[in-house]
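The chain below stands alone, shown as structure tokens; this is the form predicted on its own.
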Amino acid sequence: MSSYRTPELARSLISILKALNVDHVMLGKDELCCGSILLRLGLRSEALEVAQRTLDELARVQASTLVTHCPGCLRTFKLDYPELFDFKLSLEMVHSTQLILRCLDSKELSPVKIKAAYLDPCHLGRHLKVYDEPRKLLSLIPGLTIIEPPEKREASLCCGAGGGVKSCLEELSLTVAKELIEYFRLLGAEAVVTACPFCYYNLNEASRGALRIVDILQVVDASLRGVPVEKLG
């Protein structure tokens, strides 16, 4: 998703990894889909084919850790592969926020002055129980004000893009996102911060400038570089 639909998020992740001196390798042109969307749409045999090819690529690079920013990918690798296909990955699997928080240490961070509501992505939160790391990461950014909606963590609202809805029911997906944006605006937020490229993509498409949509990777990248989020490449 980040490579093809939201490349600015992929660039921010690589920028962060370089700034934190994290030894990493990218699959580049050999990168494949995890098969998550195929699974959500019920295309299991096609998902199995994609999963096998993806596992072959991961084995080729001999990494010890798999990091992805897309919660759907992480859920697919950690939960669906073992349960549905009996594929057990031997490498550690983490979300980008977990790895960044682990490696950030005492790195100097510059202020990012945004008043934003944080949206827990469905796959990352309810499915994988990753609630604390994104919040801890955001709490380290000077100048950042985070509004916690009453519906948060396990009760977080959906952006409307997940479960294949964005692929099959585009109008419904955007309607859900528009209602969510208006709700956050009424809470006093000037922006929405999330930790999922699907949330980021759908909310941006629905917002059309009504509310600023940023990803946690952009916030961290801007803070490490000491530039406004809008100045990121």
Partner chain sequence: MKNWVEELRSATLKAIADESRRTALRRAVESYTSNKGKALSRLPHLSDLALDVRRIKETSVERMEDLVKEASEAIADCNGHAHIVRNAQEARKIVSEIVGEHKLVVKSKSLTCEEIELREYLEDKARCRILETDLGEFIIQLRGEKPTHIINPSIHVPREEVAKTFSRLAGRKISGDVEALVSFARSYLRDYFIKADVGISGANAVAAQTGTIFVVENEGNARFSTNAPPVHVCVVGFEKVVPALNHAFKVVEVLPAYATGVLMSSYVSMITGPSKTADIEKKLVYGVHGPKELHVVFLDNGRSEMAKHPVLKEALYCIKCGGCLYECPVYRVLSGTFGHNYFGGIGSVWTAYTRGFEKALFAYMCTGCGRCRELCPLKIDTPRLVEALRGELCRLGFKHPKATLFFDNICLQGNPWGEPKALRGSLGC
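Computed from a prediction, not measured in an experiment: that's the story for all the values here. Residue numbers count along the first chain shown, from 1.
One more form of this protein should be noted, the form predicted together with the partner chain, which is absent from this view; the next part is about it.
All of R75, V165 and E179 with a heavy atom within 4.5 Å of the partner chain in the model of the complex: Every residue of the spot touches the partner chain in the model of the complex.
Any non-hydrogen atom of L157 within 4.5 angstroms of the partner chain in the model of the complex: Although the partner chain is absent here, L157 would touch it in the model of the complex, with heavy atoms inside 4.5 Å.
4.5 angstroms heavy atom contact with the partner chain in the model of the complex for K136: Looking in the model of the complex, residue contacts with the partner chain do not include K136, since no heavy atom lies within 4.5 Å.
Distance check, G42 to the partner chain in the model of the complex, heavy atom within 4.5 Å: Yes - in the model of the complex, heavy atoms of G42 and the partner chain come within 4.5 Å of each other.
Residue contact check: T175 to the partner chain in the model of the complex, 4.5 Å heavy atom: Yes - in the model of the complex, heavy atoms of T175 and the partner chain come within 4.5 Å of each other.
Which of 188-196, 28-36, 62-70, 204-212 sits within 4.5 Å of the partner chain in the model of the complex, heavy atom basis: Contact criterion met by 28-36 only.
Answer option from K113, R102, K107, H127, heavy atom within 4.5 Å of the partner chain in the model of the complex: Comparing distances to the partner chain in the model of the complex, the residue within 4.5 Å is H127.
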